[in-house]
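So this first bit is one chain, no partners, the form predicted on its own, shown in structure tokens.
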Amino acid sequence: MATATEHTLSLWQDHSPTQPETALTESLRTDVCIIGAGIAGLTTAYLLAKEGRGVVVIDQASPGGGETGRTTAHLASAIDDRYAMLLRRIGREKASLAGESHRAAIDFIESTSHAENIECSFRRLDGYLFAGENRDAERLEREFEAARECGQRVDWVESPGGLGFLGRCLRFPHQAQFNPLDYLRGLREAVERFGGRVYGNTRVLEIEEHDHNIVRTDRDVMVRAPHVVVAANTPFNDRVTMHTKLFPYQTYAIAATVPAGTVPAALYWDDLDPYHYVRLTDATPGFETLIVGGEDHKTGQQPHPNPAFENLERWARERFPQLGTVTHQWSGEVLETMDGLASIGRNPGSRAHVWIATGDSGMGMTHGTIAGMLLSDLIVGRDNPWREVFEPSRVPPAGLGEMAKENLNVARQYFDWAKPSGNAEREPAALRPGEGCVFQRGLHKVAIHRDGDGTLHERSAVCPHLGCIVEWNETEHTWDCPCHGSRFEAKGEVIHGPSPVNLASVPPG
């Protein structure tokens, strides 16, 4: 069973190796079945289990093996897509509630780590938003006014910590950081202590919607539950509706050593698009680790992403000349939305109680925590002031232009069917170990990869979700769908939806 993109490891995954997981081996009945054991799924499970609800969590790998383990773990109420944009697209009232929800999520992580004795290196610190190269200073002025209007604490500072490249920038106090996998481990222990059950190495294939929904798995066992939560980063249970409003992007991160005390502990973000984000974490005595992220692009639309790491390192060394050896590099998948806010609530079109949490928009740790807080309220029948803000069926009129642009981009990817595949002067036999390419074989597009042992592996290059042609990702050694972000490991096993199944075998002929 593929656990995630296996060619790179994040700093957290490297220091928190996965443990053998207990798979689901018998059919069960419960109150709530949660699909996905990342921060959204386990936060939901924790809150429901505390209230005495029966909870079963299923993950295709192990807790944190997906996108939670590949985050840079900023905890911020300074919205990634900026308050100035929120004001334009959803208005002051909802923008203020969005900011409130992210502040509450940070408070929740802090209080839960204390209450459950979770040692996860949680730390409060300031966040700084600064102007990128050739950026108009008025952008920060507008963001300052918008953040204030939405109730955020923010002020102006000049080159804090002696970091001259920051210049005059915005300070957002009382932000935070933590170790996401340490937190998830403690959260899982708390879920199980309250009677919840967590199973790994079990893939959900489909959800049959009834009064008691049936969750079918690849192990010929099922879970029956009146409530089902899909918290697998992307809603694989929805074929079209949600995916016209979710836009998959690949984002990159590096970790490198710096001498201890030479970079002030804080969160740093520039205002470029895509933007850069920076934080510190502990390392060995005398050294700390600087984590730098950015270089985002549409998933599956950059077949040669290796320069992303080089660009991040170059950007970091220009601003932090004390940067030492790069120890880790990794990527993750971010699902953007029309308004920069997650979709959390009842799955549009579902006849039963099927709930979703998706569209992290680069703020997965706080959005995932918000999901747990909001969904647990909705499931037990409590009102929640954030319900309309994150309603999955929403279509903000001011976001229709973004939606049209992104879906036009998707439509263009289908032209890959008409393009010749591979290299006319090259045959599959010429692939070097670790290489992959899509080739034309008669009427079929074939995804061919040569592994480290020299063996060729062939699968259909057609994504099972909606028929786009996958692209080889030479950095993560995955097949990535350029339409809706499905990802498959080199031999074709699905590791990220919305496709619920593997790449098909190559048809004969």
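Nothing here was measured: the structure is a model prediction, and the numbers come from that model. Numbering starts at 1 and runs along the sequence shown.
The same protein also has a form predicted in complex with a small molecule, omitted here; what follows describes it.
With the partner left out here, the small molecule still marks one of 255-263, 87-95, 429-437, 362-370 in the predicted bound form; by a 4.5 Å heavy atom cut-off that stretch is 362-370. Although the small molecule is omitted here, in the predicted bound form all of 58, 61 and 251 have a heavy atom within 4.5 Å of it.
Put simply, residue 333 is close to the small molecule in the predicted bound form: some heavy atom of it is within 4.5 Å. Remark: residue 471 does not count among the residues lining the small molecule in the predicted bound form, judged by a heavy atom distance of 4.5 Å or less. Residue contact with the small molecule in the predicted bound form: residue 356 places no heavy atom within 4.5 Å of it. Within 4.5 Å of some heavy atom of the small molecule in the predicted bound form lies at least one heavy atom of residue 204. With the partner omitted from this view, the residue of 191, 223, 232, 228 that lies near the small molecule in the predicted bound form is 232 [heavy atom within 4.5 Å].
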